[in-house]
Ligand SMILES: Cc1ncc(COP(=O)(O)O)c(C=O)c1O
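Encoded as structure tokens, the following chain is the form predicted alone, with no partner shown.
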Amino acid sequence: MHISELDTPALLVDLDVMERNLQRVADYARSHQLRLRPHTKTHKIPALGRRQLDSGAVGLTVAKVGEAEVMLGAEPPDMLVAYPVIGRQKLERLMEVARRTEMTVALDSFEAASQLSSAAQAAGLKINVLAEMDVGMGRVGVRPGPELLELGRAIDSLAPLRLRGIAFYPGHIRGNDDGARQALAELSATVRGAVEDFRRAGLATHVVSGGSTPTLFHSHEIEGLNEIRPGTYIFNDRNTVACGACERRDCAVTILVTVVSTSRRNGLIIDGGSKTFSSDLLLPAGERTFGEILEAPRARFFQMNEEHGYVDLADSGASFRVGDRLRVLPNHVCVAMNLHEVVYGIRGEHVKQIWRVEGRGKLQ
């Protein structure tokens, strides 16, 4: 099928670029003796999780139990839920997943660990646990030092949980400027100190799991880290380019749209709005645009309603007619994927794969 036969909006995955991204990161992890456990929040497709495993990943990462249920379709040897699982219903479902694959959970409180322990006891299962520390993002995780040690000891005391080590997410570090390099050095010192604290206390450090796509290729500089969990790297996006973590040629996803109106002077409307694209702005500057029009890079995709995308052509030197098709590089591909039921793998101008986004909308 030629892409001109697709209805729009349609999310396109350049298979050649995606496969190059997978191989590059697998080679990097292998060369630095890092366990690669990619986060599937970006693609949400079991077939792509399987490709990551086949290219060298040791397991998969998810955020929600619903995503874990979906990713069983990739037949992973083990799975990490990088999110505290709270509540009886979620825990009962998690135990059913754990009957089919090795399960690890990252958490940051005694309450979460206690609930997980009770569910595992009732199910007759052993669950691996990582103690989550906050390394600067201020989202989840306890502070390194006494609080992390206290959490580690609490987890270690709860049968049938098995403390395996430490988890963290350096999502606050983006870019390659002096500030980012200093933050990376501070992160390395923090992780090294946490690992030393655990070892002195006799607590397990088999797994020290962290990393992100923006810091991906600096992971080997973080002393003590032995597992990485990048997600966006499989596709990359405009924000990944903006923070210097990849080049434009490394972006695998574009969204095909149709021009539906040119009635606005020096502007047009495309058939993709907030139900098609992420509303996340371009980082780090926060420029108010929602994607790059490949056919007119100087055009500004500056506003969205649910079904309408507003594009300003005043400084673009371009003009288009109703019915023309455009391809847009999204700011944040993970959110865009969650908005599409079906996506299309292409080589050149031809559709070679059609995937349902089975993990979309899995909030629980």
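Just count from 1 along the sequence shown to find any residue number. Being a predicted model, the structure only gives us computed values, none of them experimental.
This protein has a second form, the form predicted in complex with the ligand, left out of what is shown; the following refers to that one.
Heavy atoms within 4.5 Å of the ligand in the model of the complex are found in exactly one of 226-234, 247-255, 121-129, 148-156, that being 226-234.
Distance criterion of 4.5 Å from any heavy atom to the ligand in the model of the complex singles out P214 from the list P76, G165, P214, G141. The listed set K64, R51, R327, K41 contains one residue whose heavy atoms approach the ligand in the model of the complex to within 4.5 Å, identified as K41.
For Y169, a non-hydrogen atom is located within 4.5 Å of the ligand in the model of the complex, even though that partner is not displayed. A82 belongs to the set of residues with a heavy atom inside 4.5 Å of the ligand in the model of the complex. Residues from 242-273 do not approach the ligand in the model of the complex: none has a non-hydrogen atom within 4.5 Å of it.
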